[in-house]
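Taking the form predicted on its own, here's one chain by itself in structure tokens.
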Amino acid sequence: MIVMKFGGTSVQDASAIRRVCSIIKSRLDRNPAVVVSAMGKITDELLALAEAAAKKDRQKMLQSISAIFQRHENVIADLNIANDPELEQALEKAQNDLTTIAEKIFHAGQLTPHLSDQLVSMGEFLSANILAAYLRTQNINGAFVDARDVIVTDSQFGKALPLFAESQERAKANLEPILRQKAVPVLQGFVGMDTYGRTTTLGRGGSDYSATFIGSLLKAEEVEIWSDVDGILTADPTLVPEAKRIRFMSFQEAAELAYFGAKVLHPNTLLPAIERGIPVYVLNSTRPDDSGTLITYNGIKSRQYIVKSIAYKEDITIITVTSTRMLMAHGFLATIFDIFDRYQTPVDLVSTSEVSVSMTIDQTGKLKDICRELDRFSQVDVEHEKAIVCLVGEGMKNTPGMATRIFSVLGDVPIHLISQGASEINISFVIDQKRLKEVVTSLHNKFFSGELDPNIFAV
């Protein structure tokens, strides 16, 4: 069997849902399970609804609820599935639940993490029920399966982690019987339930993670991630329009790209697939005949084409901690990182000297608190509006002259921090964000212009 995940743009309207149904139909012989995101922009609309409720703006809150359901009802009418009894029941439940959650936020005057997860999960609930209903009109036995009955998580609202053993028991009870009947289960992405029975979410973009996690539970032959892009590209096409599609990548390469900002995959997506050795395809639902990008354990290695892709992260902040006490001081670094840990702020890159440590972060919500604690034993300097640029490819570390090839392109661009050697497959550095397009374009011209290997790149 296989798992197919469809993103928000793939189910954003009636024509997109028809296209998705056609793709599913083409794979019925492979016994698919389907995971869907909310319709495009619905999660943002739900968060806007929450903001109105928290501000006690009842009129705007009710208008938002009405607009959200009107959009779904328009799609239902276009698909001619309004009379499906299971869908009617699901819509009634969704409307009651959403109104109840909004009222709770309104009376509390704030959006708590628990209420936020309940609220934003409604988008996936609606899209999954609509797709299941439409499949039934196309002679496909589509069955909505609530992901909360399958994916058990911890209680970190907004960024919950699935629990494998508990979820595997639920999958055997609630998913495997449907698949044995050759029906097509349709589940919400992004959504789970903690051990106390409360709705949780896996973080923005977590539908990809849901898909590979469900694939690992079911020991799937492969997982397909369907979106509106042709696959993983050599660079962000908004910066480099001539970016090429990568045909094959290793799990490690794709995971590094996801972590360092490539928008095609959620950073956690590949972990379950890596653990189970499940191939992952990244495909375009508007061009279903294209081969996309295949991610496997080994990928394809090439001594000539070491760099596979260039990723970046914007809105980066550099924190530099300087202290003469650091010299030969046991536990100094542990003290620093313990502060970041207490404030749940992950660090991306680190560079050290005899008396200073520079670190990059992309979450600044607790920056003042972190700096206050660091100030107690060191001098702290903070620089904003930076960007991380990351070149990824198998063999980067052991290829002579790679750093020279990279930095010779950059000319007068100031480099604030360099990370090389921590990973065998990437070289990362920090620049001023205003120079980002220039830098990425120059590097892409250096490594991807001219003739490329057609076994690795779509040329």
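Heads up: residue numbers just count along the shown sequence, starting at 1. Remember, predicted model here, so these are calculated numbers, not experimental data.
Just so it is clear, the following notes concern the form predicted in complex with adenosine-5'-diphosphate (ADP), a form of the same protein that is not shown.
- Thr238 is the sole member of Thr324, Thr195, Asn298, Thr238 with a non-hydrogen atom within 4.5 Å of adenosine-5'-diphosphate (ADP) in the predicted complex.
- With the partner omitted from this view, the residue of Ser309, Thr212, Thr200, Asn129 that lies near adenosine-5'-diphosphate (ADP) in the predicted complex is Ser309 [heavy atom within 4.5 Å].
- Stretch-level contact check against adenosine-5'-diphosphate (ADP) in the predicted complex with heavy atoms at 4.5 Å: of 7-15, 21-29, 431-439, 445-453, the positive one is 7-15.
- Residue contact with adenosine-5'-diphosphate (ADP) in the predicted complex: Glu242 places no heavy atom within 4.5 Å of it.
- For the chain shown alone, Ile232 is a contact residue for adenosine-5'-diphosphate (ADP) in the predicted complex, at least one non-hydrogen atom being within 4.5 angstroms.
- Taking the partner from elsewhere, Asp228 is found to have a heavy atom lying within 4.5 Å of adenosine-5'-diphosphate (ADP) in the predicted complex.
- Although the partner is absent from this view, Val264 contacts adenosine-5'-diphosphate (ADP) in the predicted complex, with a non-hydrogen atom inside 4.5 angstroms.
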